[in-house]
Each structure stands twice: as C-alpha cells, then as structure tokens.
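Given next, in structure tokens, is a single chain: the form predicted on its own.
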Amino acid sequence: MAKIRHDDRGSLLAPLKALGFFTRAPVTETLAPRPASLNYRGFHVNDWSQCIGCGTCQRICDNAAITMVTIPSLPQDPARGIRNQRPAIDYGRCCWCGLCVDICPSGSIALTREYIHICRESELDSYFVLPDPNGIHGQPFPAGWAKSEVSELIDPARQPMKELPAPTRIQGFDEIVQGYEPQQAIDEAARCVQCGLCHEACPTHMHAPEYIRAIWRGDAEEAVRQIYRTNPFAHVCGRVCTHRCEQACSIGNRGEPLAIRWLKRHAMDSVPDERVRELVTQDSVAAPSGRRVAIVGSGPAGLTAAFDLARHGHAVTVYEALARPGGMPRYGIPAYRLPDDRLDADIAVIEAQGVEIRCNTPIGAELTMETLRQQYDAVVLAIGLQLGRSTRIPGSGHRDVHTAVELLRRIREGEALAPPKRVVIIGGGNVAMDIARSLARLQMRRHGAIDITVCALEDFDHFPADPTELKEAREEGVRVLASRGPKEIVIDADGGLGGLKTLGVTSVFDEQGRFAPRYNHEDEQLHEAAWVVEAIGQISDISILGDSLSERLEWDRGRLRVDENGRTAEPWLWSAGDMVRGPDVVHAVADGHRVAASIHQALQQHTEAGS
C-alpha cells in the first residue's frame, strides 16, 4: 500500500478557500439556446414530398425509436414504390446516431440544429413526434446533419453488366447479356435495404428481398427456393421480365435501382438445372385429388396454372398447337434475349410436378372446346396473342407486308428467312425492336450490311419500347424515326412493294387521353423498302372456340372478359394471360396463379358438396 504523504492529508482550513469565489465575477452563462455546430444532430425534419414511406429508417434503427405511421390523405402507389406512411420519432429512445439520415434512399429525412424541447410531466407524449419540413416546433430551424457523400450508406451505382459488343452480337443470335460474376452479385445484393417495395410492385409479389438476401449470403440454393415461392418461370423472368420491381425500388430515388432481374438470373444460373428441379420438388405435393384440368396454351399463364394445380394434386394436361411448349417466350422473343435452353429448364421444372404437355395438338376441328368441357372438371384458356394487327392503310394487303409476330415465329422455328436489303417497320414497342434487331442480323448474314428503318408514332420522350431495347437497336445499326405515322404502302407499277409513305405526327392522344393521332399532311416522307413489317399490336386467334361458345362468352374490345379470379361467363372455363391482360410475361405468371387458386377452390367446394 502506498504511503500517504503529509501534504496529501489536507487542512482543516481548506474549505475556507471557497469563500474567495464570492468576490469573483460569475462565469455561469444564462439559460438560453447556444448556437450549435453546422453538422449538429438535433431534432428530425422530414420532407413529406420526397419521402416514399419505404420504412428503411425504421429497419436500421437499433433503438426501435422509429415507427411508421399511416397517413390516409397521402398518395399510395405500389407500382411506383410509394407508401402513404411517414416515420415518427420516439425521442425517449432516439440516440441521435443519424443512421436514419445516412441510409434514407430518398434523402427526405435530416437532422437540424434544434436541440431544446421542454415539456411538463403531463405532456410526455410530446416526445413522440411525426416530423415534417417544419420540425418539432412547427417552424423552420437551421439544417444540421444531412445525407452527404461522406455519410451515404448506399452505393448509388449498380454493378455493371457484361454484354457482347454491338459488332459481335450483330453477327448472330448469341445471348447478349453475360450475367454477373459471383462477387458482382454479392456487391449488388449488398445495395438492397430490404424495404419490400419491390415485393409490393411485382404482379406476382415475388419474395425479392428474401432471395436478394440469400444471394448476399452466398446461398444460391436458398435464393432459388425463395424465387420458386411465386415464379415457376424463373429463368425467363430473370432475362425478359419488364422488371416493374426495379421501377419501385427505393434506391432508384437517388441512384440506380437495384438490378433485381439480373440478380434473379444470377441465382438461377448458379444452380445446376437438375438441382433446381430437386429443390422445387422437395416441397410436398398434395395427394391425387381425382380431379382433371385441361389447359389450352403452354405459355407462362397456362404453365404457371398447371404448376400450381399439379402441386395441389390435380391431374393437369396442357394442349399446345405448335411443336414445342413455351408460347410467346418460345416463338416471340429472340434467342439473343432468351435462349431456348433456359426456357426449356423452366418447363422441365413444371413437368417434374406431374404436368403432361401434349404438343402438336391444336384445339378446333377434331379436338374441340366442347370435348374438353366434357372430359375435364375445369378448362383454362391461355392461348396468348398469336396474330398481328394490321394498320389497314392502303397497300397493307400486299404479299410483302408482314406482321412482326409472324416473322418472329418463323425465325424461332428455324426457317431460313431471306429479308431484302431494305426493310421498314411500323411501330415503336419492344416487339418492333425485336423484329428490327432480328432482321438486322439476318441482313448482316445475307447482305453484309443493315438497312432497317423503324417508324413510330410516339416521340422519343414517350417512346413505348424499353430504353435498353432502343439503345441497343441503334447500336446495331437500326434507324429509328420518332413521330412518323403510316399513310400508305407504295406499290410499284410491276406490282412490287416500293416502300412506305409516312406523315409527321403532331399528337398521339386527344385531350381526353384517347388514342387519336393527328398528322401534319405537309410533312410527308417516302421510306424505300422491299418489305414492310407491321408491329402495332397483337390479337388472339379465337377461331378455336367455335361460334357457339364465342357468342356465350363476354368480350371487351377484343379481349375475353373474366372476373377478378379469371373465370369467364361459362362456369367451367377460366382464362388467363395475354389474351386477358395484354402482353407481359410477369403479368401472365400472376394470372396463372390467380386462376389456379380459383379452380382449386372451386374443385374443393365441388368435392365437399358431393360428399
């Protein structure tokens, strides 16, 4: 033990030294707000016009100091990634760490230099605050800690995707997108804040946050399990989905949205096809129900319904008129976007559930819809949109005027098409880009040069095709003309096709938003071509229904009318997919789930009633 020195013991007179302070000037400052530093972490403010209600701030708060409060008067739009919720702060829990500010995807929330709040014991609830732009006391206060490049917790840039360069890809139909490397996928998945807006925006309500988290952990098999909770067309949607989830992604408010589609593709490509089938079939399938369901059409809607119904124990037979199953993904999407083997892998998983697919079996003269009605407990009509619409302008009946869907099918069936040196395409959607780019490849192979002109009604600010499709088409030498409307197809004196006359478009829609193009008749151009291809939309071939059934069904502007569960006016017939909703793979998948659930419920009720 240390010895205590004599001078450390103090003195009895020592306290008297304090009396000397009475003669000194006070140094205590009066009670008044003192200026805070520029980056002070005071009370919160939240710009409600920027806030999207994603709840990321709530999830990152370790103290559970943030509660998301629903504000009914605010807009709610899942498709755009907007919730009518705003964060409320419990200042009894908040530690002013600023993580909520640093991670906010929209940058709407910040901290001020305001730090004094006094309340009586009876007003303890005033510590629970719903911040708005005016702060805790309803008036502006100098800004403090806010999102900056130094504090940003989210990487705004997505991982670059390796693609074939234009000079290489124009030589053939090899797949353009090469996919993520494993570390790239992990880095991209790390950008996800798990807000769930993608789940709400997706028509199938895919569990994207769950499979993205699994990818981040390096568990591709778990990612596959999560994907197959809602989407049996996993390879297809990993390549050609319209990725509405990315349009809703909260990260896209300040940077590039998460590459959700490419991450799905990475997970599926990381697990061997046989192992995928094992993972999916590991889930228990119900015992045979004794019920039989027929599905007409083997596209995404029909096969998704077949997948679900087979797993419920029903015997499912799919009838396909063409030689191979897959519908429009097989015969309408070019191989450079969707290779056959990836579509085959998806279909193999569906067949592994016990689904029988009969190809080269058209419905019509020999095997009728009435026969199916008699032989099965339920029938699903999912025939898609196989026929192209016509412009019906003068000359559109010429032999060298084609529809895009017809040519795309012939190319996918392996027919040796021989396009001429000059082709003009009418339309500006993704189908127009698909046929333009496909014919460009065939022109390069046959003529060594490309001369494709696309004429679209819309201007580039409102162009219907996906921006990536438009960009890549131009890179491949396709000439795209905006605001040009078809007037007449020119026929030469010898009967050959000479080209397409177009007019300048002044507007596409009228004041009520209806489709009603207006033209400048003084702005006329002739686009010389030996082929004209119409890509202005598709329709279903309903001739397979027969006159009697067609008359009993209800129609809405050429589309079959169904109820919210996909059931038609005939109680034994359901319908799903493009012929009901319009062309979109992921909506077709969602439709397939919907009708399968409705049929399963109807069959259960019928069984219970019979018992």
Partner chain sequence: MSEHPEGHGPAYEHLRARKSLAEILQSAAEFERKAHQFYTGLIPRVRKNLRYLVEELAAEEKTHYELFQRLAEDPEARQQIQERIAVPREDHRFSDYIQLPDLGDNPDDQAILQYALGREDAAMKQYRELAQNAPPGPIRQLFEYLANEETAHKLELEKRYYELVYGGSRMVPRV
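Throughout, rigid core stands for the largest set of C-alpha atoms superposing within 1.5 Å between the two forms. Please read all numbers here as calculations on a predicted model, not as lab measurements. Numbering follows the first chain given and starts at 1.
Quick note: we don't show the form predicted together with the partner chain, though the next part is all about it.
Proximity of I82, N134 and R254 to the partner chain in the predicted bound form is absent: no residue of the three has a non-hydrogen atom within 4.5 angstroms.
For the candidate set P140, G107, G172, P517, a heavy atom within 4.5 Å of the partner chain in the predicted bound form is found for exactly one residue, namely P517. This chain appears without its partner; in the predicted bound form, the one residue of G196, G179, G395, G499 with a heavy atom within 4.5 Å of the partner chain is G395. At a distance threshold of 4.5 angstroms between non-hydrogen atoms, R34 is out of contact with the partner chain in the predicted bound form. The closest heavy atom approach of H521 to the partner chain in the predicted bound form falls within 4.5 Å.
Using a 4.5 Å cutoff between non-hydrogen atoms, T112 does not count as a contact of the partner chain in the predicted bound form. Although the partner is absent here, K487 sits close enough that one of its heavy atoms falls within 4.5 Å of the partner chain in the predicted bound form. Only one segment in the set 156 to 164, 308 to 316, 386 to 394, 525 to 533 has residues whose heavy atoms sit within 4.5 Å of the partner chain in the predicted bound form; it is 386 to 394. Contacts between stretch 550 to 576 and the partner chain, counted in the predicted bound form as any heavy atom lying within 4.5 Å, involve S550, E551, R552, L553, E554, W555, R557, G558, R559, L560, listed in sequence order.
In the core-superposed comparison between this form and the one not shown, the C-alpha atom of D62 has shifted by less than 2 angstroms. W572 is not among the residues whose C-alpha shifts by 2 Å or more between this form and the one not shown once the rigid core is aligned; its shift stays under 2 Å. Core-superposed comparison between this form and the one not shown: CA of D563 displaced by less than 2 Å.
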